[in-house]
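As structure tokens, one chain now follows by itself in the form predicted on its own.
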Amino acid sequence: MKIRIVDTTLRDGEQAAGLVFSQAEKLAIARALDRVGVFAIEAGTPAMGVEEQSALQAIVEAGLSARVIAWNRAVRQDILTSVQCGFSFIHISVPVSELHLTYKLKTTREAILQQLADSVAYARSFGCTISVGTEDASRADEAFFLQVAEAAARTGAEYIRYSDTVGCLEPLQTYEIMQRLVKKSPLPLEIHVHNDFGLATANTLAAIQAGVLMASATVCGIGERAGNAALEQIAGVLTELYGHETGIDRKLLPDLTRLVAQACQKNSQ
């Protein structure tokens, strides 16, 4: 079975406390990820400003084989900024838990569904390929997650990311949820988990055992709070223990992890 790895070292990984990669480091890491063979590189968030946009344009123009994806809120100006940076692969994220809808955005389910549909249609009007993210999905109503997946599918998204934003899942629970969603979702699923209880890699592997074919990861497991699932751990287990194909050339992983570790050590403030 082929498992696609979506690396988010340059987006979620850089959200580690105090970490800021330079433009040269971002480009070097993107090129190293491409050599290793990840399916996609989530390179960053163009809406963060001109310095980020300059770094992202350099990555887009590097001619990489991997998909280079821009992370966006479901906001037209964010999407337009990504397109102006040269991105043709656009990730659009919406919160789906009642906590986020009520207290973070002060909005409703109906409004989020409409905002998502409008945003996907707007991005597609530029000829972009779209993936949709569901923030805080692990604390959301499963039925609403499926409503979001159906809205994303109707408007032409390619796949949907299930995010354990606060890292509250455990492996058996992850397996059961993913087994249900794989059967019901109109779109292929990507699993994206955080490591707050040290279970990110285990949860990612449980999702794959349940039938999920795409996994998000970061080099060395870096990321917000306790980090994300570690690319090198996932690639090793999937290949050596489960016999899956990932496209990852594991002989090149030591160079990649060394590059990221050195950049983290240099830039952590």
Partner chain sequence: MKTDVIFIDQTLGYGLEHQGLGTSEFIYIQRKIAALAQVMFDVSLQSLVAVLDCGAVAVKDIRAGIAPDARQVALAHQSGCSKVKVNLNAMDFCNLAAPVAEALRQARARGLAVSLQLTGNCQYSSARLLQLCWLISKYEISSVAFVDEYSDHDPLFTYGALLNLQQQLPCPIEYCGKNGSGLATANALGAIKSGVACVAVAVGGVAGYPAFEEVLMGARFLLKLPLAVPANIATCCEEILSYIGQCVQPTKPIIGSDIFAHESGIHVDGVNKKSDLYEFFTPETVGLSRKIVIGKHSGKAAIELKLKELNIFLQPTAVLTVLEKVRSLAIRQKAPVSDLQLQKLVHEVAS
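Numbering follows the first chain given and starts at 1. Quick caveat: nothing in here was measured; it's all calculated off a predicted structure.
Missing here is the form predicted together with its partner chain; even so, the following discussion is about that form.
Asker: Of Ala28, Leu213, Val237, Val60, which residue is found within 4.5 angstroms of its partner chain in the predicted complex when only non-hydrogen atoms are counted?
Answerer: It is Val237 that has a heavy atom within 4.5 Å of the partner.
Asker: Which one, Leu116, Leu199, Ile79, Ala140, lies within 4.5 Å of its partner chain in the predicted complex by heavy atoms?
Answerer: Residue within 4.5 Å of the partner: Leu199.
Asker: Hey, in the predicted complex, is Val20 touching its partner chain, heavy atoms inside 4.5 Å?
Answerer: It does: once its partner chain is placed as it appears in the predicted complex, Val20 has a heavy atom within 4.5 Å of it.
Asker: So, in the predicted complex, is Glu170 in contact with its partner chain at a 4.5 angstroms heavy atom limit?
Answerer: Yes, contact at 4.5 Å.
Asker: Looking at the partner-bound form in the predicted complex, is Gln209 within 4.5 Å of its partner chain by any heavy atom?
Answerer: Although its partner chain is absent here, Gln209 would touch it in the predicted complex, with heavy atoms inside 4.5 Å.
Asker: In the predicted complex, is there a heavy atom of its partner chain that lies within 4.5 Å of any heavy atom of Gln15, even though the partner is absent here?
Answerer: Output for Gln15 is yes: heavy atoms within 4.5 Å of its partner chain.
Asker: So if I measure heavy atom distances to its partner chain in the predicted complex, which of the stretches 181-189, 160-168, 124-132, 147-155 falls within 4.5 Å?
Answerer: Within 4.5 Å of the partner lies stretch 160-168.
Asker: Since the partner isn't included here, can you check whether its partner chain sits close to all of Asp34, Phe89 and Ile112 in the predicted complex (heavy atom within 4.5 Å for each)?
Answerer: Not a single listed residue reaches its partner chain in the predicted complex, so no.
Asker: Enumerate the residues of 222-241 that have a non-hydrogen atom within 4.5 Å of its partner chain in the predicted complex, in sequence order, or give none.
Answerer: Contacts from 222-241: Glu224, Arg225, Ala226, Gln233, Val237, Leu241.
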